[in-house]
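One chain follows as C-alpha cells, the form predicted alone.
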Amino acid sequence: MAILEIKKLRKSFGELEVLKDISVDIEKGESLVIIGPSGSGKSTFLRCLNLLEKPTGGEILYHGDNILDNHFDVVKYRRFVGMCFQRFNLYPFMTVLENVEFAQKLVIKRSKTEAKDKAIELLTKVGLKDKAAVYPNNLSGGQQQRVAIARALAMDPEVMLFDEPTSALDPELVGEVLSVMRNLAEDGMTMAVVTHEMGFARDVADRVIFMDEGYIVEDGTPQEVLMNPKNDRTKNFLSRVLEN
C-alpha cells in the first residue's frame, strides 16, 4: 500500500526547471534511498514532499488525498511526515530533553509528563539518554543529529524524510547517525533518504532511485541500480562516487 503517491511532479525556480515530471510511489514500511549528483533535484524533491517548497505542477497524494489542495491540513500532515535536515536546527537555549519535548506539548498537546516520558524513551533509542540535561552546543554533530531524529520521531510520524543527514558531519561521526537510521528501517519505519552514503544505500534500502537533471533516471533494488545499472549516467555517477 502506497502512503505517498507522487504523480508528474514539477518544480521551477523562475526559469530554472529543477524537477521534471517525477512520478514515484512510497510504500508503507519501505526504505527508499535517493542518490544522484549535486543539483539533480534530490533535496528539492524531498522538500516538496514536506511542502517546504511548493511544487509548480503535479500531485502528491497522502493516503489518496492531494496535499496540494487548498483545503488540505498541512500542519497535521507535517506531524505524520517528519523531516531531518543536513543542519540539525535544534533550539540552542533548550536542553536536549526540552528540544524533544517542545513540539509534543505545542502541536499534539501532550501533557508535560507524557512528553517527558516519550522524550526519554526516544533519547534512549538513539543512545543519548545520558545527555538529556545537556545543551546542544555541548554535543558533537553526530549527537545533535541523533537528537534531531529523536525530536522528529516524538511526533509519531508515519514517514521520515532525511535530507543528507550526514553530509555536515565529520567522517568519524557519520556511522553513529547511520546506525540509528538502520535501526529505524529494521523497525519498519517508512523512510525516504537523500544520501551520498553508498554503503547505507546498498545495505538498508529496499529501493534506490538515481536522479539527474530533474529526472528519475533509474529506479530499482540496490542490486539493480548500484551493482547493475543500465543507464550510462548512473554508471558514470557511481564510477566517480565509488572511486572516492
Partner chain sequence: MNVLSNLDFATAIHDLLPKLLGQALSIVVLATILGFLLGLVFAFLLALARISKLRVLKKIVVLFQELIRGTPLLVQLVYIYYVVPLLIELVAQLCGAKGYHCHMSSLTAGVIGLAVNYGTYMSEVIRAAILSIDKGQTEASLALGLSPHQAMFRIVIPQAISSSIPVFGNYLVMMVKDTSLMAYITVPEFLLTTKAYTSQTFLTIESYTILAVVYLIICIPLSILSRYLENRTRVSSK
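Numbering follows the first chain given and starts at 1. Keep in mind the model is a prediction, meaning the values are calculated, not measured.
The next section is about a form of this same protein that is not shown, the form predicted in complex with the partner chain.
In the predicted complex, the partner chain sits beyond 4.5 Å of every heavy atom of Ala133. Within this chain, Ser140 is remote from the site of the partner chain in the predicted complex, having no heavy atom within 4.5 Å. Contact between Phe93 and the partner chain in the predicted complex is found at the 4.5 Å heavy atom cutoff. Interface membership of Ala103, defined by any non-hydrogen atom within 4.5 Å of the partner chain in the predicted complex, is confirmed. Residue in contact with the partner chain in the predicted complex (any heavy atom within 4.5 Å), chosen from Arg182, Arg202, His196, Arg47: Arg47. This chain is drawn without the partner chain; in the predicted complex, the residue among Leu61, Leu52, Val217, Leu178 with a heavy atom within 4.5 Å of it is Leu52. The partner is not drawn, yet in the predicted complex one stretch among 170-178, 112-120, 125-133, 80-88 has residues with heavy atoms inside 4.5 Å of the partner chain: 80-88. Along 148-174, a non-hydrogen atom within 4.5 Å of the partner chain in the predicted complex is carried by Arg151, Ala152, Met155, in order along the sequence.
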